[in-house]
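Shown below, as structure tokens, is a lone chain in the form predicted on its own; questions about how it binds or moves come after it.
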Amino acid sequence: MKKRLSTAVFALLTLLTAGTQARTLVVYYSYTGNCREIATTLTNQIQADILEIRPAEKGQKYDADNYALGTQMLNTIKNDPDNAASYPAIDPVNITMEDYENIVVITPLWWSKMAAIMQSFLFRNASDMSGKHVGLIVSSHSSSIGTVISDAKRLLPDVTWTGDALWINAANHQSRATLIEEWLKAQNFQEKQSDTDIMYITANGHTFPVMLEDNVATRELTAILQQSPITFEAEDYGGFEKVGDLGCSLTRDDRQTTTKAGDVVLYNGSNIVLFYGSNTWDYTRLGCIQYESPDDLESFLKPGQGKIRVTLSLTAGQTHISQLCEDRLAPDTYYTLGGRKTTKPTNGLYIRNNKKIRL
């Protein structure tokens, strides 16, 4: 169960978890298990993808004979830090750095330096991490972490550091949840780079907001819609969806997905699929239509009744939520995700000034 967070830290965690904000990657290497525990504690407090770095050669005892092998690895790096051959081999990683604005690196300390395995990952990925906002958490038994911070800055010269590194040692490891919570308050994480995560979809006289996923396909689609809306015809298929040709191809990130009513996905790179039922297949998720009742979705998609004409845009249409378009500059006006004006919003997601916000 996730820890209940203080009000003071909630705003920062909203930055890391809200759909309108940035995606975060937690990267860790763990030899003794301490860094794995730290990574688990951190991802219990924020929403983030997690990546474990593993050495290519398994079963090595870096701490045997007074850390003889670990020290040898560190000295090899020290003697020729610009040579890729100086760094120990690691398992390949399946990650796309451009999907993330924020990265948290969690590493152990070996004889006052950053563990050689983590140094390998940072050396190999430094160019892809350029421009990212990076936070650092270091685990050690008792040694101070100044040299590890220097290693990190050498390996990642072109990142923006979010703040001071967090040191978790043997004496305070059991208090890591509180330490991480306090550390997060002081970190300057980056907001999402794209302008909006809301798209509007119009058909049969109704317009609904679509909450977009954060991936390459949605960023490409948003860029296209910034130039002009897209209109296409969608027809029934399989008794659970409407499908239409977008007229262009987007970058695919297909994963096996079980859809639900209201989901919007990309199929074969150029087909937009609007679900009124459920199916399991390999799709690239684009978003979800924000409707308030099954009747809303049925009148919108007209399941089983043939082709419909669909328009995608970045501004609200003049139906269903037309007031949102008229009033979107009002500073104190909130709307539900279905477009209904509310004067007493409670905790949750709302639209204000044509943007999704979390209260």
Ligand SMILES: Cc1cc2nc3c(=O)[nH]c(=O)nc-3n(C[C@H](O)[C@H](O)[C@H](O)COP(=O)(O)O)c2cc1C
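One-based numbering along the sequence shown. Just so it is clear, the structure is predicted and the values come from calculations on it, not from any experiment.
In what follows, reference is made to the form predicted together with the ligand, a form of this protein that is not presented.
The chain is drawn here without the ligand; in the predicted complex, the stretch among 259-267, 204-212, 140-148, 238-246 whose residues come within 4.5 Å of it by any heavy atom is 140-148.
Proximity of D63 to the ligand in the predicted complex falls within the 4.5 Å heavy atom cutoff. In the predicted complex, none of the heavy atoms of T76 sits within 4.5 Å of a heavy atom of the ligand. In the predicted complex, the ligand lies within 4.5 Å of some heavy atom of P108.
Mapping the unseen interface onto this chain, G304 falls outside it, with no heavy atom inside 4.5 Å of the ligand in the predicted complex. Proximity to the ligand in the predicted complex, taken as a non-hydrogen atom within 4.5 angstroms, holds for one residue of I308, C35, V26, I46, which is C35. Annotated contacts: S30, Y67 and S112 all touch the ligand in the predicted complex [non-hydrogen atom within 4.5 angstroms].
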